[in-house]
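One chain comes next, on its own, written as structure tokens: the form predicted on its own.
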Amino acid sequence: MQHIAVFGATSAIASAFCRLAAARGAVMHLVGRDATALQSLAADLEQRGAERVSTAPADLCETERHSRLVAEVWQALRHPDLVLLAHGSLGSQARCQQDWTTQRDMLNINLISHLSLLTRLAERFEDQRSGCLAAIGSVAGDRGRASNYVYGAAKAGLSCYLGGLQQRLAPAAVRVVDLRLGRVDTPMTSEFDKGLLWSTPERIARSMHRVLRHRSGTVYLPGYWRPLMALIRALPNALVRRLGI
């Protein structure tokens, strides 16, 4: 039986992940902004087989609450096997370019709130000397592109931080996983045209369950994004501008 905490639990990908964990009888602690949605998800997970589900409504941009939220994870689970950070917002690149406040809010939810939580979680896991700490990143952080460089900058910063944590926590037998996702069909991407490279929350959730059992470091999901992003990183800037990718 796994003991799992999920921040941003009501997002499409996190909810799909939690449903799979519930079917395996997991004990879960869910954190998210919408208290009603959290309670609804918790009830659904218990019906699907979860041993126990507790919830904590919170705006994760309020970093002054993070110490308490992390303490509540250990109170609820005693010895968490996995903590997953799954919150964030894609936002609008155009609005970010036009308004610093919008850009700051984008960086707060996608980077600063994560670093604040990771700082506190890393200390707990280091003392525990076991477990897995994972966060949902994005291939957008692999290269700055005109179409999404604010979101990409946040994800690049998160990936760099996770890489450092992986080295720091390895001697304590704590695995750190950067789940670098490609395009996923969720409410956050509802305005985008979908094509062959798009995946579903359910497919991503199944892959996450596989890799989080034993992997550490950077994992691209689906796996075809690893060679694709290697190619995109290698392209000359002039060609990237011409292609508009």
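Just so it is clear, the structure is predicted and the values come from calculations on it, not from any experiment. Start at 1 and count along the sequence shown; that's the residue number.
Just so it is clear, the following notes concern the form predicted together with a small molecule, a form of the same protein that is not shown.
A.B. asks: In the model of the complex, does residue 86 come within 4.5 Å of the small molecule, counting heavy atoms only?
C.D. replies: Close contact exists here: in the model of the complex, residue 86 approaches the small molecule to within 4.5 Å, heavy atoms only.
A.B. asks: Quick check on residue 22: any heavy atom within 4.5 Å of the small molecule in the model of the complex?
C.D. replies: Although the small molecule is absent here, residue 22 would stay clear of it in the model of the complex, with no heavy atoms inside 4.5 Å.
A.B. asks: Mark residue 162 yes when one of its heavy atoms lies within 4.5 Å of a heavy atom of the small molecule in the model of the complex, and no otherwise.
C.D. replies: Answer no; every heavy atom of residue 162 is more than 4.5 Å from the small molecule in the model of the complex.
A.B. asks: Consider residue 18 of the chain shown here, and say whether it contacts the small molecule in the model of the complex, taking contact as heavy atoms within 4.5 Å.
C.D. replies: The answer is no: residue 18 has no heavy atom within 4.5 Å of the small molecule.
A.B. asks: Taking 4.5 Å between heavy atoms as the contact cutoff, choose which of 59, 51, 44, 202 touches the small molecule in the model of the complex.
C.D. replies: Of the candidates 59, 51, 44, 202, 59 is the one lying within 4.5 Å of the small molecule in the model of the complex.
A.B. asks: Could you work out which of 26, 184, 69, 211 is the residue within 4.5 angstroms of the small molecule in the model of the complex, going by heavy atoms?
C.D. replies: Contact with the small molecule in the model of the complex is made by 184 alone.
A.B. asks: 167-175, 96-104, 135-143, 71-79: which one contacts the small molecule in the model of the complex at 4.5 Å, heavy atom to heavy atom?
C.D. replies: Result for this chain: 135-143.
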